[in-house]
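Below you'll find only one chain, the form predicted on its own, shown as C-alpha cells.
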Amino acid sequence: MATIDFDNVQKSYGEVHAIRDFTLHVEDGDFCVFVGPSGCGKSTALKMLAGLEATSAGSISIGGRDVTELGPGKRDIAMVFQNYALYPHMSVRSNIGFGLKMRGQDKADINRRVEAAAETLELTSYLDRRPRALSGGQRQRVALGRAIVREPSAFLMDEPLSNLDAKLRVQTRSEIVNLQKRLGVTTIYVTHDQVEALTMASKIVVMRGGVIQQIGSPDTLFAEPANIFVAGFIGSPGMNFFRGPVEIENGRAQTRFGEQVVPLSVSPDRLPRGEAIFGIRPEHLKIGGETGGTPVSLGLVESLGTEKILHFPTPEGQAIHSLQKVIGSDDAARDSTTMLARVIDDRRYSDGEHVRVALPEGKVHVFDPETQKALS
C-alpha cells in the first residue's frame, strides 16, 4: 500500500498537449477514479503512472519513491485491463499465477497465493478451467486475481467493466469496491462512466482536455461542482442549465425562471451584472401544485416504474444555445432547449400534460457566464 503523487506532470505528442499541469495526491488506501469524456487524457495519465508512457515533464511518486524514470516492472503496481488480457491456452490457476512464475517465485508460494486469491474472488471451483469456459464477469475476476497475487503497492484499472453488460457491470463494480476495501490497496480506476465514478470512488478526478477540472469526493462533486462542465458531466441525468437576469431586491439576489421569482443564496457582490447562468439538478425540481412555480407542458415522459424522467421546454428566452461548447457533451443540444425533472412517486404523467415546475431556494447553482466557474 502506498500514496501516489503526480507533480505538475505534462504529456505532449508533438504539438498536441494530452496532459497539462497534472498535480494530484492520492492517500494510502484511497479508491481514486479518473473520469471524463473520451480523449480527456485519463488513460494517458494512468499509463504514465504505470510506466507504459513516458512523461514530458514533471514527476510521479509511489509510496514516496520517485518512479518517473523507472520501467513498469520496477514500480510495484498491478494493472487490470479492459480486455482482461488472459492467456486462452492456460487454466485459471496458471493465468492468476503467471506473473509470479515469471518472477521466479517458489511454486508452493505461488499455489498458496493463487488459492487465497481464488477464495477471495469465489473462483476456487474454476481454477482448472480455461478462460473460454468462463463468463465475462468471471474472466474479469481472474484478471483481478492476477493483480491481487502480486501484492502490489497499488492497483491500476483501465475501464475494466466496459466489456460487461449493464446488469453484470453493476454486480462487478460492487465486488471490486468491496474487494478494495478488504485489501486496503491504493487504487486508481479509469472510466468514462460518471455513474461508476460516483458509486465506486472515495476520490474523483474530473478531467477535460488533459486538464483537471475538479478533485473531490462524490458528494462534493455532486453538491458543489466547480464549473459548468463538472455540473453537467456529474449526475444522471446531468444538471439543467438556463440563463436568467440577476436582480437585487431588498439587499438579496434573485433571478427569474419563467413566472417564478427564485431567491439566490449567493451574496450580491459575487454576482455578475445583467445575466448569469443558472443550474439545477433534475431531482431537485418540484412538480405539482396549483399555484407558484412556472406552468410547462411535458414533451416526453420516461417511466422507470416509480421513477420518471419528465422532459419540458426551457422557459422562452432562457435557453443557452452555446451550451454544447461549454459542456462538451452530445447531450448539450438537448439541454439547451429542454429541461429534465426526475421524480419518484406513483403518479402517472402523460406527454402533453400541463404541470407547474418550481425551483426550491438553496438548490439553484450560479455560474459566471464568462469563466463558467461556480459562484458561491
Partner chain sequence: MQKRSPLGTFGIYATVIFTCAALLFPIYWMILTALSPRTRLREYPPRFWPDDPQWGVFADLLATQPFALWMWNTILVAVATMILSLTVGVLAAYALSRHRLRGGQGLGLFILTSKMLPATLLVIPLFAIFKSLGLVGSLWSVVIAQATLIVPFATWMLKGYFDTIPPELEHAALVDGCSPLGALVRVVLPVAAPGLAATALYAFVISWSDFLYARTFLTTSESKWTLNVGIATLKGEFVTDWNTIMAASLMAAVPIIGVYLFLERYLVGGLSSGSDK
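In this text, all values refer to a predicted model and were calculated from it rather than measured experimentally. Numbering follows the first chain given and starts at 1. Superpose the two forms; the largest set of C-alphas matching within 1.5 Å is the rigid core.
This next part talks about the form predicted in complex with its partner chain, which is not shown.
Undergrad: Out of V211, A85, L168, L300, which one falls within 4.5 Å of its partner chain in the model of the complex, going by heavy atoms?
TA: The residue from V211, A85, L168, L300 that makes the contact is A85.
Undergrad: Can you pick the one in P268, G292, G136, G288 that has a heavy atom within 4.5 Å of its partner chain in the model of the complex?
TA: Contact check passes for G136.
Undergrad: Work out which of the listed stretches, 254 to 262, 277 to 285, 211 to 219, 96 to 104, brings a heavy atom within 4.5 angstroms of its partner chain in the model of the complex.
TA: Of the stretches listed, the one contacting the partner is 96 to 104.
Undergrad: Can you work out whether N163 and its partner chain are in contact in the model of the complex, taking contact to mean some heavy atom pair no more than 4.5 Å apart?
TA: So N163 counts as contacting its partner chain.
Undergrad: Given that the partner is absent here, does M79 sit within 4.5 Å of its partner chain in the model of the complex, heavy atoms only?
TA: Yes - in the model of the complex, heavy atoms of M79 and its partner chain come within 4.5 Å of each other.
Undergrad: Evaluate H192 for contact with its partner chain in the model of the complex, applying a 4.5 angstroms cut-off between non-hydrogen atoms, and reply yes or no.
TA: Judged by the heavy-atom cut-off of 4.5 Å, H192 is well away from its partner chain in the model of the complex.
Undergrad: May I ask you to state whether M90 is within 4.5 Å of its partner chain in the model of the complex, using heavy atom distances?
TA: M90: yes, in contact with its partner chain in the model of the complex.
Undergrad: Taking its partner chain as it sits in the model of the complex, which residues of 104 to 132 have a non-hydrogen atom within 4.5 Å of it? Please list them.
TA: Read in sequence order, the residues that approach its partner chain (within 4.5 Å, in the model of the complex) are P131, R132.
Undergrad: Could you check, with the core superposed, whether the Cα atom of S135 shifts 2 Å or more between this form and the one not shown?
TA: Shift of 2 Å or more: yes.
Undergrad: Has the Cα of L304 moved 2 Å or more between this form and the one not shown, judged after a core fit?
TA: Superposed on the core, L304 moves its C-alpha less than 2 Å between this form and the one not shown.
Undergrad: Once the core is superposed between this form and the one not shown, does K74 show a C-alpha displacement of at least 2 Å?
TA: K74: C-alpha displaced by less than 2 Å between this form and the one not shown.
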